[in-house]
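Next comes just one chain, in structure tokens: the form predicted on its own.
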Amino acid sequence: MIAFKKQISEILCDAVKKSFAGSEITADELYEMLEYPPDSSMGDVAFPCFKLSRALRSAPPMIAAKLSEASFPEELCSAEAKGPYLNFKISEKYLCRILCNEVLEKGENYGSFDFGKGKNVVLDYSSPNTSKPFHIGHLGTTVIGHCLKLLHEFAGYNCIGINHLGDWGTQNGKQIVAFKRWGNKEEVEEKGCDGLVELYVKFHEEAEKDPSLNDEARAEFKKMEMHDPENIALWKWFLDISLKEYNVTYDQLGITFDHYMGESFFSDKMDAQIQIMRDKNLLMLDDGASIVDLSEYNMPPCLILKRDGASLYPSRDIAAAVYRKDNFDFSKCIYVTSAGQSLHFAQWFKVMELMGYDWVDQLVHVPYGTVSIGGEKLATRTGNVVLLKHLFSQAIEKVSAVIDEKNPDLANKAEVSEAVGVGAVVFHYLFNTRIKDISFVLEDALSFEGSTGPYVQYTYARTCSILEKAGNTDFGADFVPSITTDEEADVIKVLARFPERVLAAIEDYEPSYIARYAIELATAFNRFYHNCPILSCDDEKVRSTRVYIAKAAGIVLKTALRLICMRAPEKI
């Protein structure tokens, strides 16, 4: 629909200049004003003329009437003035062109762009704290981050996905104290991350009774920073256990990373950045800690070093950003974290600006809302978590039971059950606007009715079934579709909007646009499927057109699912 709207806006721009002398409005400005009516009876695209009323010093209905007299090509659309709106109806010829010359010709590349060609984008996402298993709170950064990677690749960017593991900090000191006091190597080996998190929870329970344990943890971390052999060996062991478990979840999600560069990777790269802060007189002491005063920018001070000289998150993040710029020469470096870290990012972004890094505007923080369970905040230290592996297991089990009932002879049942079960959880999360806080309800995530991932996956499988039964779907380059119903036209119109949604999702860093689009397309296709006989249609040209529509819908549904970290089984 981008090309259609651009043609309309150019014609409108000429009409405005002819009918309203002195107008300086541009076609690009008019393009931004075009919108989709809530009711299709009002047209396919609408231009609200009241947006021009002040600039043209005319009443909106009069503007609409004047502009409706412009010459809009018959093969493009028809235009009708209704009150303050100028409504456009896309022609059948143009719909056929969208179907054949764009969707089917471009195939899986339909909706892609090339404006990112030759540019590098670094994406920092997932980044769990080691020694803790994945829970539902980790899902946001992981799937939002990977969706943004896939979307940017779809626009031609060279993307570098980095898992910035939280493997360096006082929490590691706590884990070491807990293991030394209460741990058993054989038991931890057997339980994996679950065993480590039990020790972590015990540490906090005991620290409530004996606060000196926190000092002991800080001391153990300081020993790590001084490369104490025993603590480094324990730290590496905890890291190996963590990665082994994380990779199981990443495999289920179909997510891979180009680099695992945790905070520890930058432990020897911070001193150079801290020295720059000293040279620029940015550092000052506050109760023994080294800070950068940001009061001039209405922010609290940014803590760089603790009183004992141990590093903090900002110093490690600054070192990481400089390393990435030097080694990957990015045009954007995107950080996907909880909105609760927004101040932290604003602080160290500002510190980097004060340090003189003129590329700091290429650093982008993409925040997302929190996930709570029954209104309670998730916290590993209290054990109030829903582990992703348990959630995925329940979802897969439920899908498997549905398949046993409806399609017991399905050859790859285990694979499909995982694709649909994991996809149900992912889609439930991504369907929400990313900044929205979510009170997670297991029953909602696993529902197979309404706006859900399984609904989209089942719709895709339906298109595959139609094509399999139709046999040959290559009708030749000179085939001209015959659109005979509103349902057929509606599917094509939704297909036409896909590139626009992809572009908006990239610009706004918002994967929910793609998830919601997938529901919109699945809904339009199912309405078409139920109301328009496809394979049983007697008219050969109409039958071929409808098979074409099924093929195009399947292509775009599969692409949309892929862009939101979901698989598209051909049979369910």
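Quick note: we count residues from 1 along the sequence shown, nothing fancier. Since the model is a prediction, treat every value here as computed from it, not as a measurement.
Heads up, the form predicted together with a small molecule isn't pictured, but that's what we're talking about next.
- Figure note: of the listed segments 498-506, 177-185, 239-247, 159-167, the one touching the small molecule in the model of the complex, with heavy atoms no more than 4.5 Å away, is 159-167.
- Between the small molecule and the residues N129, Q347, S290, Q273, the one pair within 4.5 Å by heavy atoms in the model of the complex involves N129.
- When the small molecule is considered in the model of the complex, only one residue from T337, N87, T452, S417 comes within 4.5 Å through any heavy atom, namely T337.
- Among heavy atoms of Y323, none comes within 4.5 Å of the small molecule in the model of the complex.
- With a 4.5 Å cutoff on heavy atoms, Y260 does not count as touching the small molecule in the model of the complex; it lies far away.
- With a 4.5 Å cutoff on heavy atoms, Y313 counts as touching the small molecule in the model of the complex.
- Using a 4.5 angstroms limit between non-hydrogen atoms, T485 is distant from the small molecule in the model of the complex.
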